[in-house]
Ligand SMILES: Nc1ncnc2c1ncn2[C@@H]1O[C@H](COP(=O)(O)OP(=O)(O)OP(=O)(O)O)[C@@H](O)[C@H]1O
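This document starts with one chain, in the form predicted on its own, laid out as structure tokens.
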């Protein structure tokens, strides 16, 4: 079936891509992974199909994440990935879609222009940028136009964006390139150091999701997980038991960096807004927000109440969707736009 045109929002993350289609909701969730044939340079798999090849790909195929720390690191692969996901989401349209896409709160003009050019080349008639914490706040149900301050912490795969928002815009913000991927790497390092076992990034992420816990709170998750890896001493397969209580030790360094940045943003918040932030607390979004006990750890460290959004992984895409619906009244928090002639 053909549509004349549509508006879509793309959460272009380091770990995953979500696409929101106006009037339909989120229609696509795929890993931001691409498989490339080293001999020809051609893309052979995208998204879930490429993700399944991690650790299993033949020698002539490289598995890459073309988005690094929230920005484009491999332009050609990102372009192909965007073209594929836009086509999958929109089907056949007579007029190119208008696309809203999120960017980290601290991004260079060159990085911003690279994203806009890629989206336009991928098939957009117009590209609108929106800051990630603004989209996350909207998706979490916060009224960002209200005359009061709200703090949002969006922990994605490659970046953590922290912002205090008031009157529809960002008052103070900080973006650090420490997030879910660094937590996974810390778990891999912990396994090497404490168990002399080598594991891959998929296994590390599985540990984090299935048993990860950073504060003593009631949880339905298992208390430990059997981890399969390769013994660094003998070079043979080895199975060890990883306890949920080990998580904090394993990821202490990157997690401390994230919490220190939250404290820095609080220190930079104007006194007039501190009372609002104290009253409203901190809203956590992004995949990292699902780490068990993280909200309580942040509460203990900052003295501010913290809550996890009801659907933290989808908040940015949902926020883009709500912004698209209100675009006629002015794009909320967008940084700029660029269109095809």
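Residue numbers count along the first chain shown, from 1. It should be emphasised that the depicted structure is a prediction, and the values quoted were computed from it without experimental measurement.
A second form of this protein, the form predicted in complex with the named molecule, is not displayed here; the remarks below concern that form.
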All of 9, 101 and 319 within 4.5 Å of the named molecule in the predicted complex, heavy atom check: no
Partner-contacting position among 277, 43, 313, 306 - heavy atom within 4.5 Å of the named molecule in the predicted complex: 313
Listed residue that, although the named molecule is not shown, lies within 4.5 Å of it in the predicted complex (heavy atoms), from 238, 208, 96, 80: 208
Partner-facing stretch of 54-62, 268-276, 284-292, 298-306, counted where any non-hydrogen atom is within 4.5 angstroms of the named molecule in the predicted complex: 284-292
Exercise: residue 180 in contact with the named molecule in the predicted complex, heavy atom 4.5 Å: yes
The named molecule contact at residue 254 in the predicted complex, heavy atom, 4.5 Å: no
Partner contact for residue 139 in the predicted complex: the named molecule, 4.5 angstroms, heavy atom: no
Partner contact for residue 128 in the predicted complex: the named molecule, 4.5 angstroms, heavy atom: no
Residues in 127-161 close to the named molecule in the predicted complex, defined by a heavy atom within 4.5 Å, in order: 132, 154, 155, 156, 157, 158, 159
